[in-house]
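Shown below, as structure tokens, is a lone chain in the form predicted on its own; questions about how it binds or moves come after it.
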């Protein structure tokens, strides 16, 4: 599975404080720890931690790259913030741009710009797109799949390979009223989205959103990650520092016959 480390995000108190203090060590330590834990990409999200999001994205990218070569996932729904990160990013090992909706009321062509930036980053430039449009986040399976189909069509029209495309069906917190049906909706959508193109787009998700505000966050995340992988997801933005979650990931891949079993498979997974 393509594991995208979630921890360099301004929503976390330690990262928010590090941004305010321009404390490179906190950011670099998180980059190193997530890399050691098995992250394929490191998500970099300023969030609301700074007024000047473009300058802060540049600072985060440069800070990480001083000590870490793990490919980055530049995360913002503001194209100018993504562009600022791209200006200083080393894309030679690949890069993800995260995350564009199909369109916005304020910007009908937002997806076009994200595709162009990802394509301009080289053959290993990839893009995470959200099954969300100017009407918001779909609440049913059919609309999620329909939005995903439009995203795939747009990518193909632009000559952007669907194997470079990640589709995020958008997980909602399970403790929100009337949201408990959403996990099964997500699984049903995953089962359909993976057949929208050949090669199939990758399917990812912001896993921790599911358990936001609950008392059993790690357990909920672990169980749903295994379920999503069994339905065809091959990526997730996750807390790779959660050892139990990573053990479930490794075990699920064994049971799905995606990795070879050995008695020391957990040790082998941790060592990369």
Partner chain sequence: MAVPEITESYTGSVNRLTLGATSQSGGTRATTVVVGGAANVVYGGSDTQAGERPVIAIDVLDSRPNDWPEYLSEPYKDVLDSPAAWAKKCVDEFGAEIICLKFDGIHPEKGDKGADHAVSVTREVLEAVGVPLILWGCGNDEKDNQIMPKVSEAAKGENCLIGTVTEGNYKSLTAIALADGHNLITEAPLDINIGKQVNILAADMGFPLEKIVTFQDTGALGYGVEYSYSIQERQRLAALSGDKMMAMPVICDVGHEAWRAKEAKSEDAPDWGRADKRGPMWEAATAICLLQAGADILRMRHPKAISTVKDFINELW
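Numbering follows the first chain given and starts at 1. Every value quoted in this text rests on a predicted model; they were computed, and no experiment measured them.
Keep in mind that the form predicted together with its partner chain is missing from the display, and what follows is about it.
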Touches its partner chain in the predicted bound form: residue 259 (any heavy atom, 4.5 Å): yes
Interface membership of residue 264, its partner chain in the predicted bound form, 4.5 Å heavy atom rule: yes
In the predicted bound form: members of 31 to 45 within 4.5 Å of its partner chain, any heavy atom: none
